[in-house]
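Read the single chain below, which is given as structure tokens and is the form predicted alone.
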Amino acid sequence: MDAMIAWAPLLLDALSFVLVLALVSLGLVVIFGLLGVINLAHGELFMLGAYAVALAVGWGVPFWLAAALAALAVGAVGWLISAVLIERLAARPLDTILATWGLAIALRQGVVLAFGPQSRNLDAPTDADVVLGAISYPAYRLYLMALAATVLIATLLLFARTRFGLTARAAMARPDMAAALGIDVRRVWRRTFVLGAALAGLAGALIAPLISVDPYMGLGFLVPAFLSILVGGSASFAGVLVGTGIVGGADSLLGHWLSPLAAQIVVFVVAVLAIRVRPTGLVRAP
């Protein structure tokens, strides 16, 4: 019983990290898995969400409203990126990789010029604890997990059960046929990219009270997000959940016993073995 009590906070911490990583990875798989675009600036969209919520809270906006506004703001940035950059280079994958890599550098340096290179901390909207049986756990982390799970489920339902999801999947699978049926493929692509960017911004806003907000914070989530997609598979949303569970869970739990570098090495080894066994991901496309 004592062992279970000792493990409970570690497992809850791992679950909260996995759910936030799932938001980042889901936004990435919407862009990468559906559009076929490797967006190396996705981590910077995550970073912009964290800065946006910090700025809004500093201006007196309540945290939860600030988080929603941050997601909308980053979604607007995603619309601009899609219209100016992605749609013009979508047929040239290598050019897209180089362009989004350059965009990532520009966004990081823009934040450094605007706010400085130093990190900043954001207070959680509540410092209360919730008693769960024999343990006490921060209420904000529980709220974060509940909200992240709700957004994940809503996004899955959006693509599985709505007309937008049907047209989006049709436009990604057979753009020529979708266009012949009257679907505005370019508009669908743009809306899908905006959704992926907004999910990254929301993830950055939600995680901001738990980590240091700095211009390079996106790099720490971009690599695990890509690994999660490669391990789980980019052809289905279920693959995102499986991949983030393996990569995020292992990274979070191992970080309690190993150094951050050693934990990352173990996660990379596990990911490479999984990709070696199943190159297309652990979850097959439906």
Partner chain sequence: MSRWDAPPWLALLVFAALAAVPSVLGDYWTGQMARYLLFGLFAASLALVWGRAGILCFGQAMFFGVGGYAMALLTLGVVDIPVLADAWAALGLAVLAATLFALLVGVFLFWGGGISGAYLAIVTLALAVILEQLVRGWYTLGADNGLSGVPPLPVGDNPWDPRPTYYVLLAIAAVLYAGLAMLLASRFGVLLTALRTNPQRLTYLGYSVVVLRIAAFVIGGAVAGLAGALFVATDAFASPSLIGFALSAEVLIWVALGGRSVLLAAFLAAILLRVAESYLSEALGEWWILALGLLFMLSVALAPHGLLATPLLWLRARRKPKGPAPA
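Residue numbers count along the first chain shown, from 1. This one's a predicted model, so the numbers in the text were calculated from it and none came from an experiment.
Another form exists, predicted together with the partner chain; not displayed. Remarks below refer to it.
**Student:** Go through 187 to 195, 102 to 110, 139 to 147, 152 to 160 and give me the stretch that gets within 4.5 Å of the partner chain in the predicted complex, heavy atoms only.
**Tutor:** Answer to the contact question: 102 to 110.
**Student:** From the list 254, 238, 223, 55, which entry has a heavy atom within 4.5 Å of the partner chain in the predicted complex?
**Tutor:** Partner contact (heavy atom, 4.5 Å) among the options: 223.
**Student:** With the partner chain left out of view, which of 217, 66, 250, 227 would have a heavy atom within 4.5 Å of it in the predicted complex?
**Tutor:** In short, 227.
**Student:** Taking heavy atoms and a 4.5 Å cut-off, does residue 95 contact the partner chain in the predicted complex?
**Tutor:** It does: once the partner chain is placed as it appears in the predicted complex, residue 95 has a heavy atom within 4.5 Å of it.
**Student:** Verify the contact flag for residue 275: yes if a non-hydrogen atom of it lies within 4.5 Å of a non-hydrogen atom of the partner chain in the predicted complex, no if not.
**Tutor:** Although the partner chain is absent here, residue 275 would touch it in the predicted complex, with heavy atoms inside 4.5 Å.
**Student:** Would you check, heavy atoms only and a 4.5 Å threshold, whether residue 258 touches the partner chain in the predicted complex?
**Tutor:** Flag for residue 258 set to no.
**Student:** State yes or no: in the predicted complex, is some non-hydrogen atom of residue 183 no more than 4.5 angstroms from a non-hydrogen atom of the partner chain?
**Tutor:** Outside the cut-off, so no.
**Student:** Mind checking whether each of 11, 17 and 283 has a heavy atom within 4.5 Å of the partner chain in the predicted complex?
**Tutor:** Not a single residue of the candidate spot has a heavy atom within 4.5 Å of the partner chain in the predicted complex.
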